[in-house]
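First come two forms of one protein chain, each written alone as structure tokens, so that there is a structure 1 and a structure 2.
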Structure 1
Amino acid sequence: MRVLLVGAGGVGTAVTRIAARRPFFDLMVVADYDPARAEAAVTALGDDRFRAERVDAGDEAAVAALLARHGCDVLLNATDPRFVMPLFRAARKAGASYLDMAMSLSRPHPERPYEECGVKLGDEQFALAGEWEEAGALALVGMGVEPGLSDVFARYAADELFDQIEEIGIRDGANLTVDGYDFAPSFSIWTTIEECLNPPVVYEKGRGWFTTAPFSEPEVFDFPDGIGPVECVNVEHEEVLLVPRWVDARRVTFKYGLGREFIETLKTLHLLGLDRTTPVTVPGADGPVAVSPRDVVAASLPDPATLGERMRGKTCAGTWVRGVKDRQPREVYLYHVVDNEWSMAEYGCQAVVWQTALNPVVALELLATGGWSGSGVLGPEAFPARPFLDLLTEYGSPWGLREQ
């Protein structure tokens, strides 16, 4: 397998460090708009299977040419969601498989944003599913940790743990702290703003997908491995759009343990218009400059990839499932916990970006070895769960199951 990895930020760098320990690929080209970032990721490995390149993720022709020049048969997208569609189209143009960790962006309903869906996450990609299927090509979308591993857990629950599923709820929580910062998101603030301030989507059988207000339906969820109770709220996330396509469940939700202070900060950014992506004009040394307010916020905060040494605690991603097995009610939580102290000592990566990066590498290995195969635009639920979970454990990062 020959891989083009686009994006050498925190997650992309973690991908290279995880992949370097595995033999399933022949070449991984690490490409970034900033060539120094790509070069740094490659140089740190001392592995001649890795090469650094510069590419603009928004330039479809340049990405397609880069795929062709290196003979890459799969593109792994480790950029933010703004670049999903150009990279998705570039892979199709070049005849390569495609894999991402976040899907094409949504747009709220223009009149009823907190009741009805507008353009949903992934709609632009699924609109082209026929083209991929007709070509016998695969686009594996939403294959990070959430979405990704959480979707694999949903498929595993449906196949092996339940006869009938009432509800699947993704529940994400952590007890991470960052020394020296009152507000320092452990993941891309650009992505965090996008998913937290957009109308959350809920799925119900018979009703389909609908929206609620941001941060709605708060609940306290008790997370394992010492993390403990965390208040979780509805957040827009890909799992709600993916799971019902392949798994039969009466209701699907996503709730994120953000914390009251984090929520209030996001609300303030929204109130001030600093969550907007449309550029505003500001004075500059050489005249007026157009800048995106959200990009200014991102530039003002520390790079999440650099926070590892200051972070303390654990992060947990998981899937809570309620239903019936052998005519008896059953409730379980399938989960994956990463301790930041461990991930920093073992890989030099902070826990959140490492946990995100791990799962696409596992998926790439399954595609390379034939453990997973398919064509079209498919989510993780479209594939058998057991091979993935077994390989995840082989990577030295086991998952857990808790009866509720």
Structure 2
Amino acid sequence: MRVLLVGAGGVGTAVTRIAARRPFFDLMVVADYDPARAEAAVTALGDDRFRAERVDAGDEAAVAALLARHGCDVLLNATDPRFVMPLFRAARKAGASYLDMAMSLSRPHPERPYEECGVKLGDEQFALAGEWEEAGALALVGMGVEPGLSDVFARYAADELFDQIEEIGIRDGANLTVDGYDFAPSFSIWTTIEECLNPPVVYEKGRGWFTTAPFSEPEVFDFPDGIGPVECVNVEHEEVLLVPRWVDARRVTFKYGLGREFIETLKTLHLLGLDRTTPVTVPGADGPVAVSPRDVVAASLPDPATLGERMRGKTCAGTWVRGVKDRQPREVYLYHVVDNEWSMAEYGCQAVVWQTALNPVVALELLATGGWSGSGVLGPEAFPARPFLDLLTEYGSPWGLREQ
């Protein structure tokens, strides 16, 4: 297998460190808009299967040419979601498979944003599914940890744990703290604002997809491995769009364990208009300048990529499922926990970043070895779950199941 990895940020760099320990590929080209980032990732490995390149992820033709030049058979997208569509189209053009960890962006319903869906996450990608099917080519979308592993868990529950599923609820929570900071989100606040202030999407059988107001249906979920209870609220996330396409469930939700303080903080940012990306004009050194308030919020906080060494605690991604097995009610939580001190010591990667990067590498290995195969635009739940979960354990990062 010959891979083009686009994006050498936190997640991309973690992908290289995880993949470097595995024999399943012959070449991984690491391409970034900033050649120094790509170079740094590659040099650190001392593994001649890796090569650094410069590429603009928004330049479809340049990406397709790079795939062709290196004879890559798969493109792994580790950039930010704005580049999903050009990279997705470039892979199709070059005849390569495509993997990403977040899907094409949504747009709220113009009149009823908190009741109806507008353009949904992934809609632009699924609109092109016919092209991929006809070509017998594969786009595996939403293949990080959430979406990604959470979708694999949903499929596993349907295949092996339940006869009938009432509700599938992805539940994400952590107890990460950063030494020396009263407030330091462990993931990009820019993206967190985007996720949390977009209208959350919910799926119900018979009704289909619909939206609610931000921060709806708060619940306290008890996370395993010592993380404990965290307040979770509905958030727009890919799993809600993916799971119902392949798994039969009456209801699908995603709730993010933001915790009370963080929820209140995001509400305040929204109230003050500081979540906006439309520029405001403020004094600069050489006269008035226009800046995005959300960029200023992000710039005022420490860069989460630099906090790994000061961070303590664990992050948990998982899928809670309620239904019936052998005519008995059953409720389980399938989960994957990463301890930051472990991921820092073992890979030099912050826990959330490492957990995101691990899953596409496992998926690439399954595709390389034939454990997974398919064509069209498919989510992780379109594939058998067992091989994925077994390989995850082989990677040294086992998953858990809690009956509840």
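Residues are numbered by position in structure 1's sequence, first residue being 1. Predicted model only: the values in this text are computed from it and were never measured. We call the rigid core whatever largest set of C-alpha positions still superposes within 1.5 Å between the two forms.
Two forms of the same chain are shown on their own. Structure 1 is the form predicted alone.
With the core superposed, L161 shows a C-alpha displacement below 2 Å between structures 1 and 2. A displacement of less than 2 angstroms separates the C-alpha positions of H109 between structures 1 and 2, with the rigid core held in common.
Core-aligned CA deviation for L176 between structures 1 and 2: less than 2 Å.
Per-residue C-alpha deviation between structures 1 and 2, core superposed: P304, 2.5 Å.
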